[in-house]
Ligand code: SAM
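A lone chain, given as structure tokens: the form predicted alone.
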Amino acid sequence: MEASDKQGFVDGVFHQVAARYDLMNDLMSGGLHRAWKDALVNTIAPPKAPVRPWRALDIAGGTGDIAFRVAEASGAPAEITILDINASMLDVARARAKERGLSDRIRIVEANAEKLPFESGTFDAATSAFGLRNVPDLAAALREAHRVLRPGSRLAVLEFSHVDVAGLDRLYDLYSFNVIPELGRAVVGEAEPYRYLVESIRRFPNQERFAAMLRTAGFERVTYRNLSGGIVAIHSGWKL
């Protein structure tokens, strides 16, 4: 699929699933995604009492799960920006921010991760959870993330990865390709968006290859940590 075609297709997928995206995350992972996301937020260690305005960016932030966790873990003054290209997902994020009383600390920006609309050195931390695999030009998105971070700041990425436990890989494949699309059909009314999501997971670079991409984008002290046997991994890189 060409990059331009992929962007349009991905937009369509997420317009379809936005309203029940968070419910599906709970069902697909058995609630594990909550612990994975908490671990991601702990990786960037939001300051409880920042000495100056502290700004974090959640790239491909969708319905706001990570941004809300960062906001709740950090003290004032802290501003968290949710950036996503999909308006339907951001509509859900906007409503959730209002419900949680976080509208004054959450900024919502509809834009492309490959061309971030921010000045260089704007943010003190950046995160992304389960979103970068949907970006057509992943290398460009990583370069942009590096550009908008301040020196001494960190990018942390939570993504589905490659299972490193013998036997679990086969069970995971059976579950992914057979159960997840049927869950989508039952809950969202469509199986096809979830077939795409499963296939996008398999196409995403494995742990070592993604770490190499982070280094190529300019990040240093790059590491990754497998969770749940490598079903997901948290990648970290610093702009020094």
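Quick caveat, the model's predicted, so the values are computed rather than measured. The first residue of the shown sequence is 1; numbering continues from there.
Heads up, the form predicted together with this ligand isn't pictured, but that's what we're talking about next.
Contact annotation: L168 falls outside 4.5 Å of this ligand in the predicted bound form, judged by heavy atom distances. Among heavy atoms of Y21, some come within 4.5 Å of this ligand in the predicted bound form. For the chain shown alone, N86 is a contact residue for this ligand in the predicted bound form, at least one non-hydrogen atom being within 4.5 angstroms. Although the partner is absent from this view, S228 stays clear of this ligand in the predicted bound form, with no non-hydrogen atom inside 4.5 angstroms. Contact annotation: of the candidates A129, L155, A97, L142, the single residue with a non-hydrogen atom within 4.5 angstroms of this ligand in the predicted bound form is A129. When you look in the predicted bound form, the only residue of V148, A93, A125, A113 with a non-hydrogen atom within 4.5 Å of this ligand is A113. Listed stretches are 70 to 78, 117 to 125, 100 to 108, 132 to 140; the contact stretch with this ligand in the predicted bound form is 132 to 140, by a heavy atom cutoff of 4.5 Å.
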